[in-house]
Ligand code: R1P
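The data below hold one chain only, encoded as structure tokens and taken in the form predicted alone.
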């Protein structure tokens, strides 16, 4: 059955509504960044650039790096933007824009999506300037209240444990990312479990002029542990998108991994004086391994 125009919104040129892209604009391997200004920091390494498109916070460059066609897209901040990004990227490869029908299961395409972003460490043993690959994303945001995410037993138990530790009125969600991409891109990196927060200040325990409902929020994050047959589960770092990527990637059938440049440590109170260098090193490492 065709998808109504009010649900799959296309622009006059046939491009998808927010990203302003048509299917030919993207490759099967996509690097995403939060900051639009970070897109040219990646595409400057390309041998050639074939497409540059900018709409709202979504900046897209498509080109070739060492013979491989790559797409770089900025997303802005937060899982609300990741909801737009993942659904529209999936539509570009798995919905026929002419008939407005989803492609048959046997014809569906699985994208490889690599988030490259900054993050703050929660544990004192994770050094400033390190690179961290996320095994599990734990979402404190509400995005998965609206989707039928299926979690494993471990994921449910971890999310329930976080709910109880933080005394939340709702259960967070926990999702494991792509093992394939983590092994390919994460060699030598810290392997961690990333907490995705629905904000930068209060949800990450920062106090400027407003007090926190949970004054010991950071300590609760740092002290959380879940023990299972697979070992100890702890929260290593936090940011604002990873869990949304992992959850939507699982449901839509895409391989997704989050690579984090650690530029702050909330346990030690440090912030990297060379944050741009830490990010640039992660960009080069990603390009060389992708």
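As the structure is a computational prediction, the values presented were derived from the model and not from experiment. Positions refer to the first chain, counted from 1.
Note that the form predicted in complex with 1-O-phosphono-alpha-D-ribofuranose (R1P) isn't included here; everything after this is about it.
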(message) Give me the residue from 118, 123, 94, 178 that has a heavy atom within 4.5 Å of 1-O-phosphono-alpha-D-ribofuranose (R1P) in the model of the complex.
(response) 118
(message) By the heavy atom within 4.5 Å rule, which residue out of 240, 70, 257, 59 makes contact with 1-O-phosphono-alpha-D-ribofuranose (R1P) in the model of the complex?
(response) 240
(message) Looking at heavy atoms inside 4.5 Å, which stretch does 1-O-phosphono-alpha-D-ribofuranose (R1P) contact in the model of the complex, given the options 45-53, 221-229, 59-67, 30-38?
(response) 30-38
(message) Is residue 189 near 1-O-phosphono-alpha-D-ribofuranose (R1P)? Define near as a heavy atom within 4.5 Å, in the model of the complex.
(response) no
(request) Examine residue 77 and determine whether its closest non-hydrogen atom to 1-O-phosphono-alpha-D-ribofuranose (R1P) in the model of the complex is within 4.5 angstroms. (result) yes
(message) Using a 4.5 angstroms cut-off on non-hydrogen atoms, would residue 147 count as touching 1-O-phosphono-alpha-D-ribofuranose (R1P) in the model of the complex?
(response) no
(request) Find out whether any non-hydrogen atom of residue 200 is located within 4.5 angstroms of 1-O-phosphono-alpha-D-ribofuranose (R1P) in the model of the complex, and reply yes or no. (result) yes
